[in-house]
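Shown below, as structure tokens, is a lone chain in the form predicted on its own; questions about how it binds or moves come after it.
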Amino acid sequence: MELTDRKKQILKIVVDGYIATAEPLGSKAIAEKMPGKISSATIRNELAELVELGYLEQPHTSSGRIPTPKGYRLYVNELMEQHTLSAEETASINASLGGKMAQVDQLVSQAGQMVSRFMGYPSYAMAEGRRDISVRRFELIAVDSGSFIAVVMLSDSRVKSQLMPLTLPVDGQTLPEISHLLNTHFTGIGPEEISRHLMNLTDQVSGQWFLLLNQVCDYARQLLQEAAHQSVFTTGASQLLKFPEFRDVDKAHDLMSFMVDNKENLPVPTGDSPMQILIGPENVNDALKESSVVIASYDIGENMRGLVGVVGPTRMDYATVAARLSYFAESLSRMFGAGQLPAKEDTKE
């Protein structure tokens, strides 16, 4: 059933008011905000129909109405006024992204922290895994008679290292020679190929050398497998506690625990839309059924995508969150693509 313009006006007033105050709106308060003179009785009739149609509900303790997920969905799709970022907002976002962040995983993690601080909601950030990563170079460095450091440079220029025990004593030339062997046979290939190459060398190297090779190759395979997995970072879960909806400690704890312990199951965008808003039951996971999630994706480059998401009550300020998150994602895409923030003429006054 298509809603009349008056019903849509009333629904918008209820949603705007509830977002601002977390309090149900009654017919008298709605009448004061309606254009023209409309009686409270007429508004009560319209409210009753909006409840019957599933757009509003009436809490037991109040005569006022609050939006349902269906009401929020219509509001987001049709009634919400577009939020235009102020110069101060764009300057604040640009300033937060102005620092140097050398590696992709560091930038993704920091992006989530910035979003949470700037939005005032819990947030999360993800980056797609890279299955084309390989090892560019190995270096084995002696520490003492019982240990050495394995240094692994990946093809995306990240450098990882780990202290490893020596199961058998080796002379001063062994580690450089094994480094040379690793760089000759185990660079530029994936984890499966590393395993195959290692097996091919079982008859060509001594048992002592093979133990060292196996140690370092296991570490390299672990690094490559981690690089192939999606990285997920969450932050600001405690921000939920400031919202009236999460005064129930058990309710807040369930959602906060989900964001920390099950972060891999947080929503990701579907389709090609750069922005997605999931309201209440639209979220697949039960822990998010009474929350809303706003997600924006950005381009990391080299056919990789990242995303930033905000989690909050269904009474979220969708217009402001969507505008800020969209600009934030656009800024991240420009940073990765051109190494710069959006030009001044692109910021919205």
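One rule holds for the numbers: they count along the sequence shown, beginning at 1. Please read all numbers here as calculations on a predicted model, not as lab measurements.
We do not show the form predicted together with the DNA, though everything after this point is about it.
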Taking heavy atoms only, is T320 within 4.5 angstroms of the DNA in the model of the complex? no
Any of the heavy atoms of P313 lying within 4.5 Å of the DNA in the model of the complex? no
Answer with yes or no whether G26 is in contact with the DNA in the model of the complex, where contact means some heavy atom within 4.5 Å. yes
Does at least one non-hydrogen atom of R305 fall within 4.5 angstroms of the DNA in the model of the complex? no
Can you work out which of A287, I38, I300, L53 has a heavy atom no more than 4.5 Å from the DNA in the model of the complex? I38
Based on heavy atom distances of 4.5 Å or less, which listed stretch (277 to 285, 42 to 50, 320 to 328, 292 to 300) is in contact with the DNA in the model of the complex? 42 to 50
